[in-house]
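One chain comes next, on its own, written as structure tokens: the form predicted alone.
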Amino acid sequence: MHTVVMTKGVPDFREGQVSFDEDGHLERGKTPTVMNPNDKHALRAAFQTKVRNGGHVSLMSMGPPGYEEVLQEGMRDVYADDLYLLSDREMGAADTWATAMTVATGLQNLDEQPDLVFAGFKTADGETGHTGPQTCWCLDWPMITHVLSLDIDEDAGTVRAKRLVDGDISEIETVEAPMPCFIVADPEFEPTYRKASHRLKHKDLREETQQRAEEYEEHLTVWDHEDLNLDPDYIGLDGSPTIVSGVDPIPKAPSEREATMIEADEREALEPVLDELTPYAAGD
């Protein structure tokens, strides 16, 4: 089994300061970046496949050189056997379509065709949820979205999954698809390890990947557009049909907030505070 997980770096909104250029494009080099939280659900799904079925898990991203740290984060916090970064200036400022074309080419450039490609539900910045399905469309593979759980039948070459119907938590269906296949993990996805052998293997693999992440450069492959034989006219900004009409800057939270200090023995001072908070405690 060879599984690949697509990931993306997103602004670390905890920092409260995101930088845009004059054309409305996010300046990722000037913005603190972390691994997209929804992609970690996808990576956990791929890790579950590794634990249960064996094989190899690759983590792939497209972005600036700083995304090496995003890939390292995924390897350290969840799991990865190796890392792939698609990166050069020609790929910059891409919309989801140009990104999908680039990532699909990266997947085709691997030595071994993946059995499964996992993608997150959507990113924390654009929130379109387009890149995974568009990459799948480029490869003409089947796709299962909103996946809550999955099982692999290697002999039959199929994946069976439980998924939300139209994203509705109240309606769940079971579907089956042939591999290779795209899986979009829902944020509700929860890995399960019922066998003791699986739980022990999970523990051992987690220790291995944390050690590997300390020297992640040895497991990293970087490809530019020439390595992938991509025409610059069809990738990056030039290959992006989307027009950014405007953005709303994210305000930075104040570093200091007003606070009233009350000592525990100041009963009279506590009474108005309790009067104010009691309705909230009651759910009003």
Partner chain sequence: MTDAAEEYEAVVVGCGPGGAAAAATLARNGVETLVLERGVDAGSKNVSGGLIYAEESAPYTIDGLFPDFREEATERPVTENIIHNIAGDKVKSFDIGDLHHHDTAWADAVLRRKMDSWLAKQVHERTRETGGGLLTEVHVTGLLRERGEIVGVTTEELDPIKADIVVAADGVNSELARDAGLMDWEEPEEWFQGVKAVVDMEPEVINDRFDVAPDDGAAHLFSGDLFDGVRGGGFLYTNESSLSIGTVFHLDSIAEERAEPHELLDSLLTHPLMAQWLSDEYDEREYSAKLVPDSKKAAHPSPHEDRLVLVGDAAGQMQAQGPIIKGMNHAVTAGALAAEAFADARARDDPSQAGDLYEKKLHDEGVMDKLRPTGYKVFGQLGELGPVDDLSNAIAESAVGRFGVRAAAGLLERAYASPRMVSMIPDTKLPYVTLPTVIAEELGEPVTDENTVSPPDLGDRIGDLTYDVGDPHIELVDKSFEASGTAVTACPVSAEDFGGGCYRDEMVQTNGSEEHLVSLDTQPCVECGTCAIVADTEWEHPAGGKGVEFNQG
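Residue numbers count along the first chain shown, from 1. Just so it is clear, the structure is predicted and the values come from calculations on it, not from any experiment.
What comes next is about the form predicted together with its partner chain, which is not displayed.
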Using 4.5 Å between non-hydrogen atoms, is residue 151 touching its partner chain in the predicted bound form?
yes
With a 4.5 Å heavy atom cut-off, would you call residue 155 a contact of its partner chain in the predicted bound form?
no
Does residue 169 reach its partner chain in the predicted bound form if we count a contact as any heavy atom within 4.5 Å?
no
So, residue 89 and its partner chain: in the predicted bound form, are they within 4.5 Å at any heavy atom pair?
no
Its partner chain: the contacting residue among 40, 52, 225, 219 in the predicted bound form [heavy atom, 4.5 Å]
52
Work out which of the listed stretches, 95 to 103, 193 to 201, 115 to 123, 81 to 89, brings a heavy atom within 4.5 angstroms of its partner chain in the predicted bound form.
193 to 201
